[in-house]
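Just the one chain here, laid out as C-alpha cells, in the form predicted alone.
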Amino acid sequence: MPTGKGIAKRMERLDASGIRRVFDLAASLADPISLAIGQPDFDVPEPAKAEAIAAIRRGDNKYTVTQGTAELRAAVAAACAEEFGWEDQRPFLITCGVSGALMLAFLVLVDPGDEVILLDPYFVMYEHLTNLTGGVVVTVDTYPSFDPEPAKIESAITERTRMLVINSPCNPSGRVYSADELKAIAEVAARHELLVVSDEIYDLFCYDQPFASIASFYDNTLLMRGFSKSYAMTGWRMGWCTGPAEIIEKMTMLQQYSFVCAPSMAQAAGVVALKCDMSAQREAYRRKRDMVYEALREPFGLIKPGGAFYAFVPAPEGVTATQFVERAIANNVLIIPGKVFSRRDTHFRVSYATSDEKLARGLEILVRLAR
C-alpha cells in the first residue's frame, strides 16, 4: 500500500527490540523454558481483582480526569506521606504504567541535542526514548559490580545534560542502591542543579536491605512507580509519578492529548492494591533469587543481585553473550543478551519470574552449557 511520504524520520532513531529477536529465534521451539520475560508469575491480588470487577459492574467505565481519580491520587499521596514524611501538597499524576510516565517525561523534558545520562546497564526503553526525542545518550559504565560511582556520574555532566535516569532495584542487573549511595548521587545532582528521574517500578522487591529512594534526599526528583511488577497488573497499565510541579503539569497536559487517562477500572483497583500485603510474593522471589545465585555464582561468576527478579550473568570466557544466548536457545532456554541493555556484549539477563520447576530446569541447562 502507498504510504504517502513514508515513515517519519524520528523512527529511524529506533531499532527493533533485541528481546523480540530472542523470541523470533525461539519461534520454532515446542515448549521452551522461558527465563526471558520480565513479568510476575503470580496473579493480581484477589481484593484488587474484585474491586476492578465491581467498578466495571457499577459503571466506572468512562474516562476519568486526566491526572487520575481523586481517590487513587489521595491513596498514593497517603502512602508517600507515610514513607517520606511529606506534608506538602505535591502533585501526583496517574499514568498508563511507568512506561507511559517515561514517555511523557522524555517528550516534555528532552529537546534535540540534550544529553541524558544512563548508568550502564540500563532498562532498554531509556535509550530509545532519548533517541526518539532527538536527545543524546551518555552512558556511565558501572561494570563489573554495577556500583553507581558519583565521580563517574559527575564527569559525564556537561552544559547539555538534561537529566540523569536511575533505576533501583535495577533491570537488568538486580542491583539495589543503598541510602548512602543515593545520598552521594543526590549531592552530585544538587551541585549541578540536575533533574533525576528515578524509576522505582521494583521497589517492593528488595531482598537483603531496605528499599531507599533518592526522593528522600533530593527534591529535584521525578519519582515514578507502578502496579505492574508489585501487584502483577502488567496488562492493566497503571503507574504514577510525582515531582516538580511544572514538570507534572506539562506531563498532565501531554497525557490529555495522548493517553487521555489510565484505565478507569484499574484505577479503582489500584486504591485497593496499595493496601495488599505482598510480603509472601517478595519472599518467594527471594528464594528464587537464591536458587539462581547458588546455581550460577561458581560456573559464571555471578554477582548476587539484591532486588527485582533478574540476574545479569557474565557469559563464559571465550564467547560473547549473544553467542551464549544463541547456544542456550538452541538448548530450549530463553534468555536475553546483555547488549539489549548495554554498550557491552559480555552478560546475559535471566528472569526468575517463573515456576521453581522451570527455573531449576533452565539453570541446570545453563550450567551444563557453561561447563
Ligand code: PLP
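Quantities reported herein were computed from a predicted structural model and do not represent experimental measurements. Heads up: residue numbers just count along the shown sequence, starting at 1.
Another form exists, predicted in complex with pyridoxal-5'-phosphate; not displayed. Remarks below refer to it.
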Exercise. Are T142, F312 and R343 jointly within 4.5 Å of pyridoxal-5'-phosphate in the predicted complex, each by at least one heavy atom?
Worked result: no
Exercise. Though only this chain appears here, would R73 touch pyridoxal-5'-phosphate in the predicted complex if you measure heavy atom gaps against 4.5 Å?
Worked result: no
Problem set entry | Interface membership of K229, pyridoxal-5'-phosphate in the predicted complex, 4.5 Å heavy atom rule | yes
Exercise. Does R289 reach pyridoxal-5'-phosphate in the predicted complex if we count a contact as any heavy atom within 4.5 Å?
Worked result: no
Problem set entry | Contact label in the predicted complex: N171 to pyridoxal-5'-phosphate, heavy atom within 4.5 Å | yes
For this session: Pick the stretch from 203-211, 295-303, 280-288, 90-98 whose residues have a heavy atom within 4.5 Å of pyridoxal-5'-phosphate in the predicted complex.
Result: 90-98
Seminar exercise, completed: Of F146, Y218, F123, F259, the only residue with a heavy atom within 4.5 Å of pyridoxal-5'-phosphate in the predicted complex is F123
Seminar exercise, completed: Students should find that, of N167, T130, Q255, Q267, the residue having a non-hydrogen atom no more than 4.5 angstroms from pyridoxal-5'-phosphate in the predicted complex is N167
